[in-house]
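In the block that follows, a single chain appears as structure tokens, in the form predicted on its own.
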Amino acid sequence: MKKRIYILLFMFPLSLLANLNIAVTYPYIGALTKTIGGDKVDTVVLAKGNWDPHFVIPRPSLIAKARNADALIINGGQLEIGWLPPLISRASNPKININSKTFLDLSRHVELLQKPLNVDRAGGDVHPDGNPHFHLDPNNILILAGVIKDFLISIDSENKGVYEKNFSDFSGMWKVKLGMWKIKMANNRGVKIVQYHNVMAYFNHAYGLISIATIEPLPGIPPSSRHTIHLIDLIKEQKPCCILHDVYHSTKTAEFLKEKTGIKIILMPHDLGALDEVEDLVSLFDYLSGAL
């Protein structure tokens, strides 16, 4: 019996017997990769959905996950710039090195908004490539799914048919959902909002919401008393509907603004697991489109 097993292993290369082990930086990428990869891939997500995506500690457990990966898919747009380079360096895995065939930067395949004309530390923690939270436009999700499909085929052509079918199934379902969310958000076009950090830029752009201010005076800079007083005056003058607040910053200043102006605070999840009810990509956009 053992002899037969050895013969089978000799006849079929290990690459055909084992799933691809794909490391991804964020949960939404893991969900997309698993949807397209199906039972041909195993996904390992490095960051949790309720963490600040800008700041992830490259713990030894994450280094081990990266070291064992067959490929790496990242958000890009320098969102991971503070934590991914040291993790890649310590993992010593050539398969996840930038520019390797098994490395994918999703930001290279979508149009980024809010590219700064000048990059200067005086402007706060600015992303030189543009706003990196592009997955929060649900139209971009379909683009990213196609990119991941092509990437998986490029490194595992044996299962091309599987990846193409899974993408086709997902695409059909997602287009139906896009129509539903468009109808759901139609009456919110032109509505003014405030944010803590400009996480929702792509969601706002997709549905015509107008962000009049952020609680941060500059990206990555905590609110000062002077800026907070300015926001109180601005809210009273412009009358935005609400503060769309991310889950990973303190709501202390937002609560103060609510006390002074009566403005509503709505927590807006940025990724899967950011709130308990956000378990997958559909529930993420069901929540976001229903929050207002």
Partner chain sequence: MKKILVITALCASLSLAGQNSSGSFDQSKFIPDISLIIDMSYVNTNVTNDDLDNNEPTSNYGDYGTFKEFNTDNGFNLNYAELALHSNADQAFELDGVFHFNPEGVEVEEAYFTTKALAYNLRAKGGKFKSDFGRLNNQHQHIWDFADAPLVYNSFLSPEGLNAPGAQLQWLVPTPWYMKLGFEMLQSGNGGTYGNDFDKKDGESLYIGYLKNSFDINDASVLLGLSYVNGTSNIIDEDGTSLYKGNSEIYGADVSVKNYFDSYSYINWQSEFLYRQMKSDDTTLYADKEQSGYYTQLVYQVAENYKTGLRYEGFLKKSNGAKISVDASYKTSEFAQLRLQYSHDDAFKQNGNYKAINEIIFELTFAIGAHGAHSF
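As the structure is a prediction and not an experimental result, all values here were calculated from the model. Numbering follows the first chain given and starts at 1.
We do not show the form predicted together with the partner chain, though everything after this point is about it.
### Message
How about V162 - does it come within 4.5 Å of the partner chain in the model of the complex, if we only consider non-hydrogen atoms?
### Response
Judged by the heavy-atom cut-off of 4.5 Å, V162 is well away from the partner chain in the model of the complex.
### Message
Taking the partner chain as it sits in the model of the complex, is H109 near enough to touch it, meaning that at least one heavy atom pair lies within 4.5 angstroms?
### Response
Contact with the partner chain, no.
### Message
Is it the case that I57, even though its partner is missing from this view, gets within 4.5 Å of the partner chain in the model of the complex, heavy atoms only?
### Response
I57: contacts the partner chain in the model of the complex.
### Query
Hey, in the model of the complex, is I266 touching the partner chain, heavy atoms inside 4.5 Å?
No.
### Query
Hey, of 43-51, 253-261, 235-243, 24-32, which bit sits against the partner chain in the model of the complex at 4.5 Å between non-hydrogen atoms?
So the stretch in question is 43-51.
### Query
Thinking of L113, I212 and I229 as the candidate spot, does the partner chain come within 4.5 Å of a heavy atom on all of them in the model of the complex?
Result no, not one residue of the spot touches the partner chain.
### Query
Within 4.5 Å of the partner chain in the model of the complex, heavy atoms considered, which of G179, G172, P222, G190?
Only one option qualifies, and that one is P222.
### Query
Since exactly one of L144, A71, A91, L136 fits, which has a heavy atom within 4.5 Å of the partner chain in the model of the complex?
Answer to the contact question: A91.
### Query
Across 56-87, which residues bring a heavy atom to within 4.5 Å of the partner chain in the model of the complex?
Read in sequence order, the residues that approach the partner chain (within 4.5 Å, in the model of the complex) are I57, P58, R59, P60, S61, I63, A64, R67, I81, G82, P86.
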